[in-house]
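Below sits a lone chain in structure tokens, taken as the form predicted on its own.
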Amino acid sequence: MKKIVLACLLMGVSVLAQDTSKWICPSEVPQPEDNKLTKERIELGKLLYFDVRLSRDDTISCATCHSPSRGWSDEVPTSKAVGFQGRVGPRNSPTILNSAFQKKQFWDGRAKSLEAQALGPIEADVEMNMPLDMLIPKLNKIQGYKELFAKAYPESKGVITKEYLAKAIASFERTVISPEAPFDKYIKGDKNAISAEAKKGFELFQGKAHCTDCHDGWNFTDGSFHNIGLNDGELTGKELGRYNVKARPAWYGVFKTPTLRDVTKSYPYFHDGSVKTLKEATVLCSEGGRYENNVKNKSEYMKKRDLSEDEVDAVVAFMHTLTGPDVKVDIPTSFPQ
């Protein structure tokens, strides 16, 4: 399948000013040459994504922390991901919505592709806690999966490896794309698709509030990394963010800018899940972060914007227009045997 037509690609061309084109979803989803999307790969990946047998105790699937009904984030909203036997992870579960368009995966960007990302949560002891040297033999004993891998990846001849496992899961994840939201109708020319308050919020979002410094383009993220001042003083452990990937001064305490698509569904907010409401998150950013001083490597974009409460409310009203219907997905009720 050389080209994948996605829900948001049906939005059409904007009838507003030409410079609004950056708010329109791209016409094709990025795909690596060695893992082009096919129906067989997507269906196989979906089964694997929802199959709890990929976890050590057969209780957790990828969907446990990235649920279709919760904006592809936690089924139960928590500040930190909860995995194997109730173990708590170090960070909030990020949404996988539109992750196909992200050049770096995870909050710290340590994975360069969805394929590189797919196996990490499976092996993580605080998530699915399933070593691949245990999982791969387990999957190879399931005849139904062997047959599906043979169809999806004929060169595998039905032999399941970690590489094919990663490719299959990544194939399904690439189809998790935002459906049309009220904002998309508005940007196409339907002036009645959003409220007057939301329109004011959109103007503030681009102007006085400076939200587009980080949340720009149709996916409302620059795909980059920033320290937004959630912590002061010296950082340690996972709070070092991308600095743990490579100790570059510019990466100290920085985390990936999340998409704002379906943001009303994916609370709590930020990498540490420390903020419960969208209004609180907006206020924090408009105040230049939680801490003003003693924040090493704080982003230059984090400045006080002097927004009134009405202006904050307008920005929040606008962000609500970025929420569309849930992505249509037939959740499997039976799995290969």
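Each residue number is its position in the shown sequence, starting from 1. As the structure is a computational prediction, the values presented were derived from the model and not from experiment.
One more form of this protein, predicted in complex with a small molecule, exists but is not displayed; see below.
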Heavy atoms within 4.5 Å of the small molecule in the predicted bound form: which stretch among 244-252, 184-192, 101-109, 144-152?
-> 101-109
So in the predicted bound form, does any heavy atom of Val126 sit within 4.5 Å of the small molecule?
-> yes
Lys138: heavy atom within 4.5 Å of the small molecule in the predicted bound form?
-> no
Find out whether any non-hydrogen atom of Asp232 is located within 4.5 angstroms of the small molecule in the predicted bound form, and reply yes or no.
-> no
Determine whether any heavy atom of His210 comes within 4.5 Å of a heavy atom of the small molecule in the predicted bound form, and answer yes or no.
-> yes
Ile177, Leu260, Ala198, Ile160 - the one with a heavy atom within 4.5 Å of the small molecule in the predicted bound form = Leu260
